[in-house]
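Next up is one chain by itself, shown in structure tokens, the form predicted alone.
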Amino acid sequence: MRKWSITTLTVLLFCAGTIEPCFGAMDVKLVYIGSEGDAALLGARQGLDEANLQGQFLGQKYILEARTAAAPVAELHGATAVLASLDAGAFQALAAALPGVPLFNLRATDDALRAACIANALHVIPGDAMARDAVAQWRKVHPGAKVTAGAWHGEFIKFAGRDLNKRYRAATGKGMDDHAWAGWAAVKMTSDSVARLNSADPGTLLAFLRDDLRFDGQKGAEMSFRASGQLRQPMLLVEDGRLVGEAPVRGVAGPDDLDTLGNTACR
């Protein structure tokens, strides 16, 4: 598949000599399941603002509805994608109730969820094994270091990370953390994919996300989903609250070898 930037795609979609989009209006319904005060929801709302800024030129309007974990499944029907900030058990039950609908995991880090290779699960948040492997790589180069590993950090400035952090802080008054980044990334990869496909059909979107997605996510890497549903991604290493490095760690693994972080096989 040929890779287009969204800027190029936008130009291609415009009708010559007019400011009107080439295609008819399209509403894209996203549903968030989780706590109202969760950072994942704040990140998703940041992504929603950006999606609608892009979407106004493409005839696409994004709507984000927030629901609690107790919401009936019937309230989720008609969603193009569902974003879940839930524990592993609740996430797995929701995935079974919504076959064929992309279900983004924004919180549960359990490796068992990845090993189960749930067909509609898209784990944006890194799994526990990914964090362990990132720390182990770092300690091979820096013995004795007391680091933790995560998806994001408010001090990350490379690859337009500084701009994302600034936008998020301006909107929320808070620093972006792992869950906020996961919420933002889920909406961003959805809106980019809908723009490319010109379709809000859940099944079409799920197939594209699982098989064809290439996503930067302001991390400077070509991220994609494994067969397990886990998003391959660089990990950020933190010591005493300060960002100290990234994994894969140079000298231990190839900088682009994202499969050195976490399990890659299904159960």
Partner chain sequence: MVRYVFFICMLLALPPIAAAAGTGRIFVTNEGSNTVSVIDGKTLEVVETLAVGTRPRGIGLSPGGRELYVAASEDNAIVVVDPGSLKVLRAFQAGSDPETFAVHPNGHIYISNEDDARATVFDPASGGRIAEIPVGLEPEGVAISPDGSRVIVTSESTNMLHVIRVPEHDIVANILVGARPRAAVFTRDGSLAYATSEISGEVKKVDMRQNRVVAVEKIADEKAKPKDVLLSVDEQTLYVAGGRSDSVVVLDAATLKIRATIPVGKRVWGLARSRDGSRVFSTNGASNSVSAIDTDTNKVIKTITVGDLPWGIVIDD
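Nothing here was measured: the structure is a model prediction, and the numbers come from that model. Residue numbers count along the first chain shown, from 1.
A second form of this protein, the form predicted in complex with the partner chain, is not displayed here; the remarks below concern that form.
What is the one choice in K140, K174, R162, K146 with a heavy atom within 4.5 Å of the partner chain in the predicted bound form?
-> By the 4.5 Å criterion, the partner-contacting residue is R162.
Tell me whether L58, D192 and A195, taken together, all sit within 4.5 Å of the partner chain in the predicted bound form, counting heavy atoms only.
-> Affirmative, all three are within 4.5 Å.
Does at least one non-hydrogen atom of S228 fall within 4.5 angstroms of the partner chain in the predicted bound form?
-> Result no; S228 lies far from the partner chain in the predicted bound form.
How about F215: is it within 4.5 Å of the partner chain in the predicted bound form, going by heavy atoms?
-> It does: once the partner chain is placed as it appears in the predicted bound form, F215 has a heavy atom within 4.5 Å of it.
Mark L53 yes when one of its heavy atoms lies within 4.5 Å of a heavy atom of the partner chain in the predicted bound form, and no otherwise.
-> Within the cut-off, so yes.
Contact test in the predicted bound form: D259 vs the partner chain, heavy atoms, 4.5 Å | Outside the cut-off, so no.
Could you tell me which of 45-53, 31-39, 235-243, 61-69 sits within 4.5 Å of the partner chain in the predicted bound form, going by non-hydrogen atoms?
-> Single hit among the candidates: 45-53.
May I ask you to list the residues of 228-259 that have any heavy atom within 4.5 angstroms of the partner chain in the predicted bound form, in sequence order?
-> The stretch touches the partner through R250, P255, D256.
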